[in-house]
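This document starts with one chain, in the form predicted on its own, laid out as structure tokens.
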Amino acid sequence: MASKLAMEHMTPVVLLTDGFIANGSQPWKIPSMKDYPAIKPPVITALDKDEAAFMPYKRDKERLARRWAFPGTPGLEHRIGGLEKDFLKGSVSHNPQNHQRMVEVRAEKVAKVADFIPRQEVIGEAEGDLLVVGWGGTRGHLVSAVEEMQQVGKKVSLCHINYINPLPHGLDDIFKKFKNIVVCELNEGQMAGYLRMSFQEHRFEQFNKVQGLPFTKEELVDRFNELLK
């Protein structure tokens, strides 16, 4: 998915992971490439019929991604490199207004990625007393703890976030349906701070651990029971 988003939306993608994935173990069937969604980058091999010249920074309306012409393609020659380019022509630009326009359109392009990633879902009931929020390698332990509490009748659900910027659609609707929200992280609370900034109308409790060790199911259950009280 990181490769698909990077190539189809023509934007850098950072894949975050953690050391526990290297040390944990679980049976995992080796997937077949034919079962993955196709990656279709916006490659162009010739000018559109209505174009007199190639505009390398012309963007499509759906993704705001520009077209990808391989260097040296006849009729599609253009400048490449790290210097900022003109908003449309692709020539090197030092214009302040062009710089602001490019910064704004890049941010809008990243925001549009939310329309192409899965809508956020919860594990458990859609509403309840406590919503557990996690991301990354904490998923397994959070699932185990939440499922144990669900088995004894506690109204606890899990919202595990796989996409950070942009956040997936549907989060606000999920947060509204729970009396309490706790963000569990193996750090000092970066995701909790990010969610407070993005959803200021909600209150986020924190459970943090920075010991070079994963959460245990027992400590998670104890913390969740404290919050329910």
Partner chain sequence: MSELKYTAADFKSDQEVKWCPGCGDYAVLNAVQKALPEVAEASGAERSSFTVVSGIGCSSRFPYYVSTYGFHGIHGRANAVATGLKVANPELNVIVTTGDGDSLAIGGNHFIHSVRRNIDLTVILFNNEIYGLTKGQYSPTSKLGKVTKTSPYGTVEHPFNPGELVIAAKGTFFARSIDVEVLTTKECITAAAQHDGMAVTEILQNCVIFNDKTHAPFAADAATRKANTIMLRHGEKMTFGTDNEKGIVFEDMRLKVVTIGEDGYTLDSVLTHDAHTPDTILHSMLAAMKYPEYPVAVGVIRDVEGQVVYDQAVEAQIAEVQSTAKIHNVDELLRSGETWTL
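Residue numbers count along the first chain shown, from 1. Think of the rigid core as the biggest set of C-alphas that the two forms share within 1.5 Å after superposition. Bear in mind that the values here come from a model prediction, so they are computed numbers and not experimental data.
Same protein, other form: the form predicted in complex with the partner chain, not shown, and the subject of what follows.
Taking Leu186, Met191, Ala69, Val182 one by one, only a single residue has any non-hydrogen atom within 4.5 Å of the partner chain in the model of the complex, and it is Ala69.
Checking Val92, Ala111, Val103, Leu88 against the partner chain in the model of the complex, a heavy atom within 4.5 Å turns up for just one residue: Val92. When the partner chain is considered in the model of the complex, Leu76 lines it closely, a heavy atom lying within 4.5 Å. For the chain shown alone, Met33 is a contact residue for the partner chain in the model of the complex, at least one non-hydrogen atom being within 4.5 angstroms. In the model of the complex, the partner chain sits beyond 4.5 Å of every heavy atom of Ala126.
Taking non-hydrogen atoms only, Ala107 never approaches the partner chain to within 4.5 angstroms in the model of the complex. You can rule out all but one of 77-85, 144-152, 115-123, 130-138: in the model of the complex, only 77-85 has residues with a heavy atom within 4.5 Å of the partner chain.
Core-superposed comparison between this form and the one not shown: the Cα of Pro31 travels 2 Å or more.
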